[in-house]
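Here you get one chain, nothing else, as C-alpha cells; it is the form predicted on its own.
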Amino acid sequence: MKRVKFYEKLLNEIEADIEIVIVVAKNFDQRFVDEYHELLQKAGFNGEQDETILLAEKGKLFVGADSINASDIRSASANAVRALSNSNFKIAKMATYLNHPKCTSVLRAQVEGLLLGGYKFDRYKSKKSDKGLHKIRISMEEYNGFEIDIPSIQRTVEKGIIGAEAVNFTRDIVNTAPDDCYPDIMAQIAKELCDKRDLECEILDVEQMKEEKMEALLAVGRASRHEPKLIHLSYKPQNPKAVISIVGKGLTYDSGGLSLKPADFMVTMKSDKSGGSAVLGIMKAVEELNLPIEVHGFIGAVENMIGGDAYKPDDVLVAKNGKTIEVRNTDAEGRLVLADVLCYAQEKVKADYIFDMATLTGACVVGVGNYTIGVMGFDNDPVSQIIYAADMLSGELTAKLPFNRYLKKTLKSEIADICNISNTRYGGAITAAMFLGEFIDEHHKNRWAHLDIAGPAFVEHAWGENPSGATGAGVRTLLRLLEKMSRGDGHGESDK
C-alpha cells in the first residue's frame, strides 16, 4: 500500500472502492456500524481484536478493535489493509478515529497501522503482484462525532506517514539477502540518505579503524571478504534542545564464526543487522520531522564469517578503551563490535543520552518472548522511564531487565580484563548488557540504555501491525522518545 492522505471531506463525498470501518469494543450500535449490525451477526462477525469481515456487496470491510486506544487501533488498521492485500480494491476510505477531541495519538496510530500493514517485500519475487490497496483516503468525519482541528490533524497524519515509512525503510534493509547487503552496501545506503537530506555522513574503513584502535570490531570482520565499515550519521540543527547518540549493531551476516551456529540457527541471520538498520531509519525520520535536537547515529557494519584468518576462541582482543577481552565464543561477536563503536561514539560526542540497539542475545527472547524489547543499563530509572513512556506511544513492548553484582562475576577472566561470554547459561541477556557496560565511560554511565531487540526484530509470522520477517523494531520507540525530548517538557498532542 503506497499512500495515505487526509481529505477535508465527509465520507460520502470521498470516492473509493471500499470503506474500512473499525468496530470498537464490540459496539455494533456505534456510528458507521449500526445499520449493518444484523448482517454482521448473520455473517458470524464478533468484533474481536483484528477480526475482519468483508461485505463486498456493501462496499465495506469491518475490523474489530478491543478499545479506541492507540495500540488497538494501529493493529486493527494494519489487519484491515492486510485482509485486502489479495483483493482488487485499489482505493479505500475510512473515518478519523480519536479518543479525545484535542488528542491525535490514536489517529497517528491509525495512519501508522495502515502503512505498516500494507508493507510488502517482493524484491526477490520474479512475478510481482499489483493486488491490494494503493491509496487510503481518511475523512474529516470522526468516529465519535468530535469537531476536529484540521491543521493539527494534518500534522499528525504527516508524522504518522514519516514514522511508518522509516519503519518500512528499515524493514527493507533487514529483509535484504546478505549477499546483497554487506558492510559496503550499508555505507552506501547511509551516503544516499545524506545526499537527499540535511545529514552529515562519515565512513571509517579498516585502516582508519586500526588508527582508532578498534581491534575487537576488526577481529570479528577479518575473515570476511567484505571489509567492515564504521558509519557515523549526524543531524545538527541550530540551537538543539538535546544531544543524543544512537548506536546500532550492523552484523550483515552472522555465521557464528569458528563457534559455528547450527544450520537451522543460521537461517534468518541476515536479521543481525536490525540494530544498525534501525539507526538508518531513525536518522531518516529525525531529519524529515525537523526535530530540534542533535542526533548522532553510529553503526558497526561487519560480517562474521569463517576462514583461515578468523578470530578464535582463546584469543585476547584489545578494545578501543584499552580493556582486554578473552574470547570464549566467536558467536558472541555483536558485543565485541558494539564495545568499540560505543567507545568511539562517546569519544566523538558527549551526549545527553546514548542508546544502543542490537539483536544481541537469544537469551532475551527466552526471557521476554518474541515480541518484547529488553531494556538494560546501570541504575538508570530516569533513562528507562523515558523509554517506557515512548513505548506506550509507539505500540512496541519493552521490559526492564536489571543488572546485579552476582551476574557481573560470571564475566570474570583469569587471563584478561573480561570474558566475552558468561560462565553460566543463565541471565545471558543481562550479562551481555553488563559486558557492554564495561565500555561506557563515567560521563555516560547513567545516560545510557541498551535495547536488546533480538525477539521482535525478525519473526517468521505476522503479528499485530508487523509482517512476517523484519519488523523495524526499535524505530518507533526511539523516534517517539526523540520527539518527547525535542518538546522539552515531555507533553504534546501525541502524548495523551
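Worth saying up front: this structure is predicted, and the values here are computed from it rather than measured. Numbering starts at 1 and runs along the sequence shown.
In what follows, reference is made to the form predicted together with a small molecule, a form of this protein that is not presented.
Shown alone, this chain has one stretch from 144-152, 283-291, 212-220, 266-274 that lies within 4.5 Å of the small molecule in the predicted complex by heavy atoms: 266-274. Among the residues 396, 356, 340, 333, the one placing a heavy atom within 4.5 Å of the small molecule in the predicted complex is 333. Of the residues given (187, 363, 98, 419), 363 alone sits with a heavy atom within 4.5 Å of the small molecule in the predicted complex.
Contact annotation: residue 90 falls outside 4.5 Å of the small molecule in the predicted complex, judged by heavy atom distances.
Using a 4.5 Å cutoff between non-hydrogen atoms, residue 261 counts as a contact of the small molecule in the predicted complex. Although the partner is absent here, residue 254 sits close enough that one of its heavy atoms falls within 4.5 Å of the small molecule in the predicted complex. Although the partner is absent here, residue 329 is a contact residue: one of its heavy atoms lies within 4.5 angstroms of the small molecule in the predicted complex.
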